[in-house]
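Structure 1 and structure 2 below are the same protein chain in two forms, each given by itself as structure tokens.
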Structure 1
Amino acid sequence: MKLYQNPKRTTWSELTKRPSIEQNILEEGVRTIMQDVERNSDNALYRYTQLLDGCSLDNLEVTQKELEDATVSEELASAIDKAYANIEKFHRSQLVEEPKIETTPGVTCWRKSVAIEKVGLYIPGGSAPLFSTILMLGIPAKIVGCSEIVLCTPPDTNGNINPAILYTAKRVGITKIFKVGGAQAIGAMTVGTKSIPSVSKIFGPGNQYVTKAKELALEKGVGIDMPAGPSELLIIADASADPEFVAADLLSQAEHGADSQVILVSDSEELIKRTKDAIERQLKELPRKEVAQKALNNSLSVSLENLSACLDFSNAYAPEHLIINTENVNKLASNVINAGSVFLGNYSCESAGDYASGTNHTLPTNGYARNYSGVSIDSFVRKITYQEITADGIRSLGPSIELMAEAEELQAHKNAVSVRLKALNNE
């Protein structure tokens, strides 16, 4: 991690840039894959699975027997159950029936939440099979009543799906599971193939190729949860923080992938130094140390004059995950403007949100926390507005509508009101 000491604010926009692939090259490659899937359907999927995942498949869909045979240890099953209960509890609390509002006498307006019928879930499954993401996406989809849930995840070189992914899908109640990963999976759920049905909205994290594919899905009229690319974490810590905890949190995100990024911002140079030493010690013990090291090469520590400046830097970065590990947590937390999910205090590790505290871990990255929220119940529904106007209501509101329509030179709009008022006057 490169250290920046009191960088001028004019340099912050450069420091807060994420590592990325050159966009023209990225888009060209992903668009080619998606067009291939649209033209050649399952044949393209079999070919890319052989080329990119190193396995030859006879069938794209996970069989009922594969799903039934998927097991995990009793301890992991119990942990999944606990996470399930917390996530379900937190997300179910978001179900709110909005009241009907009489905006003016005789005019009543309201909104109704209606589940998106067909949704697609993308679950990364390479070196880190993210079965926890099935809980984060599948549970709210089930709560709101999405009628069809399609899950795509890449197979291993033997053509198998990680048992924890299959077990968790089974636990949530998802049965349409396909052995397809990468941009080709997003393409399949976008346009539909012989085996994989098209969906109305696609959810799930992924690398820059998956993220770009989701962006291109928008061109086909398919919605996406957000541009959720490589994972990232920013920690604001002061001298009161435990450097071992801070180091562990930074490494927990760095091990996600070589293109992940972690940032430590502090008003204490001593804390930064001690955290750096702790990272070096802890890194040696990690099975994914090579991946984590590559992420650390894209990461940085920033020393600033005070915690107020640290928070300003964080808001400029707009992190996916923000840990505030300082003496006066609540004061800083109340001024957070841009962040996907915030973790407060010495014991609120980001891993808790990734797995089992109850909040959703599918969050905006790459600065999109400035304008996107993380996944919630609302992500899986559409809000449809209703209105009902009585005769008294159109008498009261009609003249205002007529005047506004006439001012916009939309005579037919005015007439839709005028014919009603005339009919009422003739009664």
Structure 2
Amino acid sequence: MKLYQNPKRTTWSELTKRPSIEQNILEEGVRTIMQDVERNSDNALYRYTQLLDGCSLDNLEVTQKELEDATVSEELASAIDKAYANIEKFHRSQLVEEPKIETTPGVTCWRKSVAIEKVGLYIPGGSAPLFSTILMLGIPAKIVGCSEIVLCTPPDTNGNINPAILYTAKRVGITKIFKVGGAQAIGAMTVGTKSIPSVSKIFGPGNQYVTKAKELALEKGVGIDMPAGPSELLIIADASADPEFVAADLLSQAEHGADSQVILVSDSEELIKRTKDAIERQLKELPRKEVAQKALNNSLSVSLENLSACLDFSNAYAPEHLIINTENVNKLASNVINAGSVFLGNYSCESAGDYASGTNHTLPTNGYARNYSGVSIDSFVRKITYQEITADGIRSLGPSIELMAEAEELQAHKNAVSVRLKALNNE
């Protein structure tokens, strides 16, 4: 972690820039895969699964028996239950019934949240089964009542899906699970194949191929949860913070990937120094220490004159995760402008939100916290507006509409009101 001592504000835009990611070289390859899926349906999926996942499948869909057989240890099942309950409780609290509003006598307007009918969840494969993401995406989809929830995840070389993934999907109530990964999975959910239904919105993390495929899905009219980027954490800590905790939090983010970014901002150079020492100690014990070390090389610590400047720096960076570990968190917390999710105090570690506290872990990275929210109940619905206007309502509001339509030179818009006013006058 490179240390910047009291960097001038004019340098902040440079300091808060994300490391640039190579792009575009992928596009052609991903486009080819997706076109192949569109043309050759399941055949293309079997072919790519053989080629890229190294397994030959008889069936793309996970069978009822495979689902039934999937188990995890009792302890893990109980941990998943606790996480499930918290995530469900918090996400249910986001359901709101909005009132009908009579904006003018006889003119009533309202909004209604309606579940997106068909959604697709992508869960990456690899050595570690990211079953927590199934909770984060599946629970809100279930709460709002999406009528079709499809899950795609790549199989291992034996054609199996990790039992923790299957168990969690079953626990959430997702039963349409397909052994397909990568760009071909996104392609299948975008256009639909013989086995895999097309969906209206695709959620979930993935490697650069999946990310590019989601961008191309967007071009085809499918919604996506949000643009993807490497995970990131910014911590604001003062002298009251425990350097061991701060170090552990920074490392928990750094282990995600070599391209993760972690930033420590503090008004205390002593805290920065002690955290650095703690990182060195803790790093040695980590199985993913090489990944974490690479991420730390991309990362920075910044000392600033006071906590208010620290928060300004954080708002300029717009972190996905923001931990505020200071003596008095409330004032800083109330002035956060740009962040995905905020963790307050000495005991609110990011891992809690990643797994089990109740908040969603699918959050805007790469500065997108300036203009995107994380996944929530809102991500799985459309808010449809309604209006009902009575004869009195159009009598009262009609002349204003006529005037405005005329001023915009849209005579037929005016006429839609005029024919009604005329009919009412003739009654």
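FYI, numbering is relative to structure 1, first residue = 1. If you're wondering where the values come from, they're calculated on a predicted model, not measured in any experiment. Each form is matched to the other, and the largest set of C-alpha atoms that superpose within 1.5 Å is called the rigid core.
Trainee: Pick out the form predicted together with a further copy of the same chain: structure 1 or structure 2.
Mentor: Answer to the question: structure 2 is the form predicted together with a further copy of the same chain, whereas structure 1 comes from elsewhere.
Trainee: Phe90: after superposing the rigid core, is there a C-alpha shift of 2 Å or more between the two structures?
Mentor: No, Phe90 moves less than 2 Å.
Trainee: With the core lined up, does the C-alpha of Leu216 move 2 Å or more between the two structures?
Mentor: After core superposition, the C-alpha of Leu216 moves 2 Å or more between the two structures.
Trainee: Against the rigid core, is the Cα displacement of Asn160 between the two structures at least 2 Å?
Mentor: Yes, the C-alpha moves 2 Å or more.
Trainee: Superposing on the core, what C-alpha displacement does Asn43 show between the two structures, in angstrom?
Mentor: Here Asn43 registers a C-alpha shift of 4.9 Å.
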